[in-house]
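Below you'll find only one chain, the form predicted alone, shown as structure tokens.
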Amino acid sequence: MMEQPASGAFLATFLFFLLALTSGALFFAVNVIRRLRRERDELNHQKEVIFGFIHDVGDVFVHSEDVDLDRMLSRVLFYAERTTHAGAGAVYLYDKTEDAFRARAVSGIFPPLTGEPDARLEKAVSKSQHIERLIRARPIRRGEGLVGEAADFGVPILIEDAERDPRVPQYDHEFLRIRSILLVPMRFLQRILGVLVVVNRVDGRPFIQADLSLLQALADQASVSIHYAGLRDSLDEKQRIDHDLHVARQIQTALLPKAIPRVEGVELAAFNHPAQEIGGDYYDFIRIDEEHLGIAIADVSGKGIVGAIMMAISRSVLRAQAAVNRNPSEVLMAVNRVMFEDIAEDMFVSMLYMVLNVRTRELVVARAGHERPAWSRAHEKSFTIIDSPGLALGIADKETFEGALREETVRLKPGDVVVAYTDGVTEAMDEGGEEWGVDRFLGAVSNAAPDGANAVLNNVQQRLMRFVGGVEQYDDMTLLALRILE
């Protein structure tokens, strides 16, 4: 009878312990459930971010005929920061012309990863804008810093405690401190397109492996879009170039004579074989008066519309001066005075201008830096190179140009042939990269010269085309010939 109270106390203690245990288990279970729900919500959020990113990038292509790469990169960066909870980020794209990486998109106060902020930072009205301009203007070379390392090795870099890593630059300014950093390469078919970088989680915690995995997934998706955006940019650029070349070709074709003039006692022939690019070749026959015929051939150094327009200017000035002056050197002097004022510093025009007296058969030659014409005498196998000195049009002032220019006069006889050409003829290449050369050219002229000017052109064209085969040339090929008839 005395043991009942003890049994009651034991039972009460046991029930209390059981209740406490149950409460603890329940509390633990509640915490586990809450943690799992947070993880589930976080995963759902990350999934929404990824799907939103994919949809948003795709939306750039759907609703824009011309892909704005910078706009797309800004969106990529926005979703990268949202996914990893980063405070700032940047997208570095590889520029093959510089062989370096440049920041094409910057978000937040992103600290420089190479070099130091310049002294103007302290005086800047907006320090964040100043830092962004500095980052965009500063290229990162291959192998330089963390960006160069991520690109060279093609692997992501996660630095949880950046302040202890010597590879991470540290600054005195608090707003430039890097506490944690993620870098992932942007690749397409094993080719590095750029590097995506984010720094400093907004919650103060370091980046973790899950952040790296998500960021790499976003970078991989972005890389596909960047690759095809680059292709589209290249296609647009090609279309602009094709249009430019087409217009230039139309201008150039309009400059050439519609037909070879008929001149008593003289056989004339000419051809212009256009290359893939616009070389700016030009030839012309100008009836000065009953006895004098002007013969011109020229080559402009510039390409495209600019070169074609420059040749059109040369032609206009040449024709205007030739109509009132039978002296070829004075005509070229007048052309240079106009060209020197208007031509760009990196351009020039080489021109050969000859005046033939069809009655006396006297040929006066003036050469402004052009290829020297070849004179084949009747019944002779050798050539005389008519060498009249002179500088190209547009590269020297009046005094220098006119001081260097000299005329050469030759008296032709029946059967004589004079051939003028542009350097596209002798510099034409075969598939092995070998030039046709002056010797082959003169050989083709020599074999056909006894048969006339047209025979010369036909023989040169046949041999030249046979030599180059199907290889596309990068300069126009122009040739003209005159033969004195009996």
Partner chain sequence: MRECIIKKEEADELDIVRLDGALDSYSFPRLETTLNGLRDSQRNRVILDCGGLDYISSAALGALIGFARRARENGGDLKLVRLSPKIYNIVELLGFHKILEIHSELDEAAAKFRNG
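Residue numbers count along the first chain shown, from 1. This one's a predicted model, so the numbers in the text were calculated from it and none came from an experiment.
Beyond the structure shown, there is the form predicted in complex with its partner chain, which is absent from this document and is the topic of what follows.
Heavy atoms within 4.5 Å of its partner chain in the predicted bound form are found in exactly one of 103-111, 395-403, 162-170, 409-417, that being 395-403. When its partner chain is considered in the predicted bound form, Glu345 lines it closely, a heavy atom lying within 4.5 Å.
Taking the partner from elsewhere, Ile309 is found to have every heavy atom lying beyond 4.5 Å of its partner chain in the predicted bound form. Looking at Ser301, you'd find a heavy atom of it within 4.5 angstroms of its partner chain in the predicted bound form. At a distance threshold of 4.5 angstroms between non-hydrogen atoms, Glu39 is out of contact with its partner chain in the predicted bound form. Checking Gly89, Gly390, Pro185, Gly294 for any heavy atom within 4.5 Å of its partner chain in the predicted bound form turns up a single hit: Gly390. Though its partner chain is absent from this view, in the predicted bound form it lies within 4.5 Å of a heavy atom of just one residue from Asn272, Ser180, Ser225, Ser350, which is Ser350. Taking its partner chain as it sits in the predicted bound form, the stretch 370-387 comes within 4.5 angstroms of it through a non-hydrogen atom at His370, Glu371, Arg372.
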